[in-house]
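One chain comes next, on its own, written out as structure tokens in the form predicted alone.
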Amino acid sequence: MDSKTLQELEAKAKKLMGFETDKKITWCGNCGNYAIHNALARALVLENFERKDFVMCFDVGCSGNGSDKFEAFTIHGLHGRVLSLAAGAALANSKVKVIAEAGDGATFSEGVSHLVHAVRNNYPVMFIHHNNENYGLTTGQASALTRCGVKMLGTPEGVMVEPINSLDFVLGLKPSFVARGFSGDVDHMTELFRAGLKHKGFAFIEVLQACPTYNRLTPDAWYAERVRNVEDLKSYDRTDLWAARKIVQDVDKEIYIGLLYENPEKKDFVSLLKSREGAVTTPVEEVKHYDVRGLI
């Protein structure tokens, strides 16, 4: 390894460590959040993001506890409302990349209406959906994605209602970018996050995440036996919406991960606004200051 390459690696390592805070990490041992946190930091470094280039919006839940673990501009929002928060940030300042994170409870129950319109409007946001199939922070209640038969604290006899197929739900809204990763594969997640950071519209990235404390049905080993990389399908066309909807139907035996669907032709919300045509400044730069001392 030559000295130039070594210096570049050392610089990246230093930058990676610079995204860490001194806050104590309180996730359970073997929680998938460690891997997601690491993969996102790697992606930001590899895509040459500085702190000034992005803002992170966190929902309430185990994933939301990452808000003080990232040395960056972070906002911890209300339960289920992170996508409306992220949309506002993205529309106010399109010069920064907005990253949002939330769990399956917040996304598909409290915040499902926000998800619908975030996808429809194609807001310029990268959204990481932490799917551990339960409400982990409130000690293991079933979510809308918990599988039938799974016993949770709130459903000791087992979940009786069929879960929502999260990716089929999102694909039914005609999105511009849908991907799925697995918390047991940091390298693969890193590449998905890099693609999401470069996407100009709404990038929905689901991470199948182990919850070692409250959902022991689907640990990393369970997923490792079942996940398949969509890139191994030689004839797969990720611009084919119906092919994507077909491939996400199986969530039990062959679970495909990777960039499953992409529509690069779909314009993001900001590009559709007639009122912003020709604008060279962002709304946040156009805010004027008024002296209100005379009114007080």
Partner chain sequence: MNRLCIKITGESGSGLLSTGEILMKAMKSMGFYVVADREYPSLIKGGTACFILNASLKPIRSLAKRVDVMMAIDKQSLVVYFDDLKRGGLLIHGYERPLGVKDIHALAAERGVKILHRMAREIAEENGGNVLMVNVVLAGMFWKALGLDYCFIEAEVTEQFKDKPKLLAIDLKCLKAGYEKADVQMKVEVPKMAAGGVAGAKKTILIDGNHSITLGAIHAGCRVYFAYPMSPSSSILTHFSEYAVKTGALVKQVEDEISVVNMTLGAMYMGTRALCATSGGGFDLMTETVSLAGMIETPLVVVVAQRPGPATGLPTWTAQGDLDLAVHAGHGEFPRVVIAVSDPSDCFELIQHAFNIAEKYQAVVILLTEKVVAETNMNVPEFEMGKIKIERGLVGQAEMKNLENSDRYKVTANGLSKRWLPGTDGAYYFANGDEHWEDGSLLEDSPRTAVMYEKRMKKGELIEKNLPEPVVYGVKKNADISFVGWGSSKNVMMDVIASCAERGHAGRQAGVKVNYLHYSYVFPLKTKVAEKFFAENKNVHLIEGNYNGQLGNMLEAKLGRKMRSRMLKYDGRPFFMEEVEAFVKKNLRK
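Remember, it's a predicted structure, so these values are computed and weren't measured experimentally. Positions refer to the first chain, counted from 1.
Unshown form predicted together with its partner chain; subsequent notes refer to it.
Visitor: Which of these residues, 284, 25, 9, 16, gets a heavy atom within 4.5 Å of its partner chain in the model of the complex?
Guide: It is 284 that has a heavy atom within 4.5 Å of the partner.
Visitor: Looking at 198, 216, 117, 174, which is the one with a non-hydrogen atom within 4.5 Å of its partner chain in the model of the complex?
Guide: For this set of options, the contacting one is 117.
Visitor: Tell me, yes or no, whether residue 190 is in contact with its partner chain in the model of the complex, where a contact means a heavy atom of each within 4.5 Å.
Guide: So residue 190 does not count as contacting its partner chain.
Visitor: Please tell me whether any heavy atom belonging to residue 72 falls inside 4.5 Å of a heavy atom of its partner chain, as the geometry stands in the model of the complex.
Guide: Close contact exists here: in the model of the complex, residue 72 approaches its partner chain to within 4.5 Å, heavy atoms only.
Visitor: Applying a 4.5 Å heavy atom distance criterion, does residue 144 contact its partner chain in the model of the complex?
Guide: No, residue 144 sits far enough from its partner chain in the model of the complex that none of its heavy atoms falls within 4.5 Å.
Visitor: Give a yes or no for residue 149: in the model of the complex, does one of its heavy atoms lie within 4.5 Å of a heavy atom belonging to its partner chain?
Guide: Residue 149: no contact with its partner chain in the model of the complex.
Visitor: Quick one: 2, 34 and 230 and its partner chain in the model of the complex, is every residue within 4.5 Å by at least one heavy atom?
Guide: No, none of the three is in contact.
Visitor: Looking at 230-238, 35-43, 51-59, 247-255, which stretch has residues with any non-hydrogen atom within 4.5 Å of its partner chain in the model of the complex?
Guide: Within 4.5 Å of the partner lies stretch 51-59.
Visitor: Go through 65-90 residue by residue and record those having a heavy atom within 4.5 Å of its partner chain in the model of the complex; state none if no residue qualifies.
Guide: The stretch 65-90, when checked against its partner chain in the model of the complex, contributes 65, 67, 68, 70, 71, 72, 73, 74, 75, 76, 77, 78, 81, 84, 85, 87, 88, 89 at the 4.5 Å heavy-atom cut-off.
Visitor: Regarding residue 73 and residue 289, go with closer or farther for their CA spacing in the model of the complex versus this form, the difference being 3 Å or more.
Guide: Distance between the C-alphas of residue 73 and residue 289: longer in the model of the complex, by 3 Å or more.
Visitor: I want to verify one pair: residue 289 and residue 72. Are their C-alpha atoms nearer or more distant in the model of the complex compared with the form I supplied, knowing the change is 3 Å or more?
Guide: Here the pair is closer than in the model of the complex; there, farther apart.
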